[in-house]
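Take a look at this single chain, the form predicted on its own, given in structure tokens.
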């Protein structure tokens, strides 16, 4: 009489609690970041009366685009001021980004490729600036800009923002240059290219994602800055957007729908920049962080 083999219990796939915890965390993080933006957009399409109702309405009964048309119409005073502030912010941010990349690229390349006395000390000295809060340098930079005669001009903001963005830009680009094999430049020089030609034709195309990522950081930092713009600019026609939109706050009332509409339009350039250059940004973060 043959004995029956004992049946094996069915194996159950173990639940990956770490993966599910990560998913739940990402959902909560998405809600934390998306809900304020969603509420901002909803408030911007409300009337002033609907925005002040209590309890608040999630969806307005009579949505309107009047706040946006008012901001984008240069024929009225509100639209003229908003578009002027928008242009001022765009000009300062673009100039800061261009000059920052123009200075950071050769500086990072020098730290990556050349060996000279005090190189390590000088490199970490560049990062020393980012160890302190920005407000610590407010008065020294104001005195310096007043001595240079730049207070009240956009040039004072561009120079100030360069002091903020250059340390991080140099750090990011140096890590990216370190991952480009030096043998490529050596091969180009053997073929008759100068060091500058090898840098321009070999290193620059390969470092494009890193330069784009650095430009994004520099642009966002200049676009969102408030304290220095408030301190250095004393002419209403030269204000940037972060300072200009505070004019929606008055002594007796606040135009919340207009403020939310202006804030949403202010966030559009940054969102578009990320959407267009996202693949370069991700590539820079992954390639610049891994040593080949």
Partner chain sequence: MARVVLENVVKTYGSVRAVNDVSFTVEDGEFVALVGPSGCGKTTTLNLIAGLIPISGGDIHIGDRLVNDLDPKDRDIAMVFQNYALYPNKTVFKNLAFPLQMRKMPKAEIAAKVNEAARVLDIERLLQRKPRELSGGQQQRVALGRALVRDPRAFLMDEPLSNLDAKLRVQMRTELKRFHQELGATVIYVTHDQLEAVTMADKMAVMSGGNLQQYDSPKRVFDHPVNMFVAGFVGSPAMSLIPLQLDNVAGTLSLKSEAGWSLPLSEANAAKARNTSSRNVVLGARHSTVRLHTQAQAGAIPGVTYTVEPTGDVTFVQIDLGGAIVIVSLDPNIEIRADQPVWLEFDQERIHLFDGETERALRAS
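What you see is a predicted model; the values in this text were computed from it and never measured. Numbering follows the first chain given and starts at 1.
This next part talks about the form predicted together with the partner chain, which is not shown.
Could you work out which of 148, 127, 135, 184 is the residue within 4.5 angstroms of the partner chain in the predicted bound form, going by heavy atoms? Contact with the partner chain in the predicted bound form is made by 184 alone.
Listed residue (144, 206, 101, 110) with a non-hydrogen atom within 4.5 angstroms of the partner chain in the predicted bound form: Flagged contact: 206.
In the predicted bound form, does residue 77 come within 4.5 Å of the partner chain, counting heavy atoms only? Heavy-atom contact with the partner chain at 4.5 Å: absent for residue 77.
Should residue 73 be classed as touching the partner chain in the predicted bound form when contacts are defined as heavy atoms within 4.5 Å? Contact with the partner chain, no.
Is residue 201 close enough to the partner chain in the predicted bound form to count, meaning some heavy atom within 4.5 Å? Residue 201: yes, in contact with the partner chain in the predicted bound form.
Is residue 118 close to the partner chain in the predicted bound form, meaning a heavy atom pair under 4.5 Å apart or at it? Although the partner chain is absent here, residue 118 would stay clear of it in the predicted bound form, with no heavy atoms inside 4.5 Å.
I need the one stretch from 90-98, 218-226, 193-201, 164-172 whose residues put non-hydrogen atoms within 4.5 angstroms of the partner chain in the predicted bound form. Correct option: 193-201.
Along 148-165, which positions have a non-hydrogen atom within 4.5 Å of the partner chain in the predicted bound form? Read in sequence order, no residue approaches the partner chain (within 4.5 Å, in the predicted bound form).
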